[in-house]
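Next come structure tokens for two forms of one protein chain, structure 1 first, structure 2 second.
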Structure 1
């Protein structure tokens, strides 16, 4: 069983399984009020987004979101010491097991969900029996080690509650309860009596809490900073008999002050079921009265009323305590987050510097690539390549579908933006918008060490075309001069495994049909992958993320916008009026 002192010696790094913004914000507020240098929550495991925004004091911070714990880099996983599991009851077992498997430095887990299947709870009890991991719950509001760790809703979920609760500095009295609501009441009772809390734990009101009250009380016995324990119990179950045994066997030597709720149940003909699953006295021994008797006999201080606890504790005050008081001021949530640009001190900044300075410090290509990657780029090779691609892709004649649509719209009298949009809306999987899918294919093929033959056959089996391969005009006997120029430009000085793979695919596809050559989309995708890997040291996950956000298509869109705009202006300059096909242009099959 872990030692509470370990939480005071460790700067907690927490991952949250699922998302519960209110609880997470309260943990960050606690960190801030307790003067931590940075948030204890370092990642959230959830789907449908890549980040969540929270307040850090009065400012905002971003917490990364990944869809599965296994997607967190191993180096990050090795730093995680605590888990807050707010996932649904049916996912508690699998997600907690995965956390225990993937987080080698894990010290504590809080399981928030209620109605976790008892068989799952029993599995988790068995799973951690021989591990130095404290699990609170199911149905737990968490663990608080004042000044060091707030894991869960414990202590409150509003920053004003946290400021008022006098739990920012460490004390000498442990608070143990199965009830989440009562643990906060107990904290207030202890601090209200002028005593500090050494740690507080809410074990959860399910029939089988993974950590029992007796085990939690032994944690307090072992904790050198704890002088006494305050415990809230209730009717039902047999936890208090285990606690009494700790006292009689001298395994528990520290002062234990208890309140057992539920004597009112003894007024009923039939035993009533109270809120928590186990809060029902099926027999006399499970009644509040019986429990109070056994604990008193064993030497515990048994309070008849909850208020008696505070009265008793006030006699234990060892001198005036000057509670740490800190508050958080007003804060306003921003509408959007930009990593590209924004204002500071009335000045527009771009990529971290004054806009004019950034503009004057970058060429067009350097600025384009830096803005597309969201970071200031310095690689001369990458900048030169993007500059070349940007110029190369601007136009390929009015024949291509996108240019034609811009021309048709211009001659229909549409304005620039509408005509440009008509062209841009044509960019897609067959024309100009295949760079991203080609990058995805080359990335998967190389990462999966798939042979060129198997790669081609897998697409054929699925009846899919290979993005980056094929052209309406060019073929093996009339190669696309742009592809030749790109390959020559790349020079492949830093390794070209993606271009080699793309070429190996072309070698097979051109045996099937002569026009199934590596096209300009496929070539750009491959060379960009090689450059990002060699010049920026991007790993597979980072390259995959660029594919996911469609980074690779951006260059074609930006560059060909120049060409479409030129065609629009050209048509306006030499306006021939509305374009209409003649009957000979259409073969009517009617």
Structure 2
């Protein structure tokens, strides 16, 4: 069993399985009030979005969201020490097992869901038996180690509750309860008596909590900071008999103060079921009265009423305790979050620095790439490649649809923005969109470990063309000189695996037709994937996200906008008037 002191010596890094904004926000509020430097919650495992916004004090922070724990980068998984599982009861077993398997530094798990299948809970008890991991739950509100860790809803979910509860500073009294509601009452009882909490744990009200009350009390016995233990128990089950045995066998030597709920059940002819699955006395030995007797006989301080506990604790106060009180001011959620630019202290900021500093420290290419990726880029190879691509794609003549539309609009007397928009609106699957589509193809092929033959045949079966393959002018005996120039940026640390995959596709397609070669779009996509993986350490999930948001097409759009603008200005300078097709340009079929 893990030592509570370990939580005080480790900067908690928490991943949340599922999303529960109110609980997550309360954990971040606790971190802030406890004067942590960074939020403890580092990732959320959920679907439907890529990030969630929360408050860090009065400002906002972004917590990344991924759809599966396995998609977190290995380096990040190695830092995770705690898991809050707020997924549905049917997913508790599989998701908790996955967390134990993938998180080598895992110390504690809290399972929030109620009504977890008992067979699943028993499987988890067996799984964790030989591991140095503390699991609270199912149906647990969590673990609190004052000043260090709040895992779950324990202690409250409003920042004012957390401040008023006097749980920001550590004390010497442990709180143990199966009940989530009562663990908070016990915390308030302890701190209200003028005594601080060393740690508090809600074990969960299901029939088989993964950590038993006796095990939790032994944690308190082992903890050097804990002087006494406050325990809330109920009728039903045999937990209190195990605790009594700890006392009589001297395995528990610290003062134990208990309250056992459920005496009222003895007034009924048939045993009533209380709120928790285990809270029903089938026999006299399971009754609250019997449990009180056995604990009192073993040496515990047994309180007849809950109010008696506060009175007893007040007699244990040693000196004056000064509660730590901190507050969080008013909050307002922003409409937009930008990682690119904004104002701070009345100064324009770009990529995290003063605007002038950023501008003077970047070339056009490095600034473009940095802004497109949302982070300052320093890789000389990446910057050189983007600079070359930017110049290479700037214009491919007045014949292509985008330039033609810009020219038509310009000669119709339209303004610059309208004419440029007319050209940009032609960019799509048949013009200009091939770089992103090619990147998607190379990435899916490599990630799926698909052979080149299988890749080509899959497109043939669907009757689709392969983006990044084929050219009207160039062929196998007349290579595209632009592709040759681009390949000069190969030689990346990942072995150029995306370029190699694209080349293996070309080797097959050119046997069918000589002009089905790797074209400029396909070469740019493959080499850029290799550079991002090698120079920026992007994993395949991150590369896939760039494809989803059309990052690869952005280079074409930005570059070709210059070409379209040049054609607009060229036409306006010469002002040849409205462009109109002649009857010979149109063949009427009727």
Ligand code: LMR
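The structure displayed is predicted, hence computed values, not measured ones. Rigid core (definition): largest C-alpha set, two forms, superposition within 1.5 Å. Residue numbers count along the first chain shown, from 1.
Since only one of the two is the form predicted in complex with ligand LMR, can you say which one? Answer 1, the form predicted in complex with ligand LMR.
Answer yes if the CA of residue 65 moves 2 Å or more between structure 1 and structure 2 after aligning the rigid core, and no otherwise. After core superposition, the displacement of the residue 65 C-alpha between structure 1 and structure 2 stays below 2 Å, so no.
Taking the rigid core as the reference frame, tell me whether residue 329 has a CA displacement of 2 angstroms or more between structure 1 and structure 2. False for residue 329: its C-alpha shift is below 2 Å.
After superposition on the rigid core, does the Cα atom of residue 52 shift by at least 2 Å between structure 1 and structure 2? Shift at residue 52: below 2 Å after core fit.
With both forms fitted on the core, how large is the C-alpha shift of residue 468 between structure 1 and structure 2 in Å? On core superposition, this C-alpha lies 3.4 Å from its counterpart.
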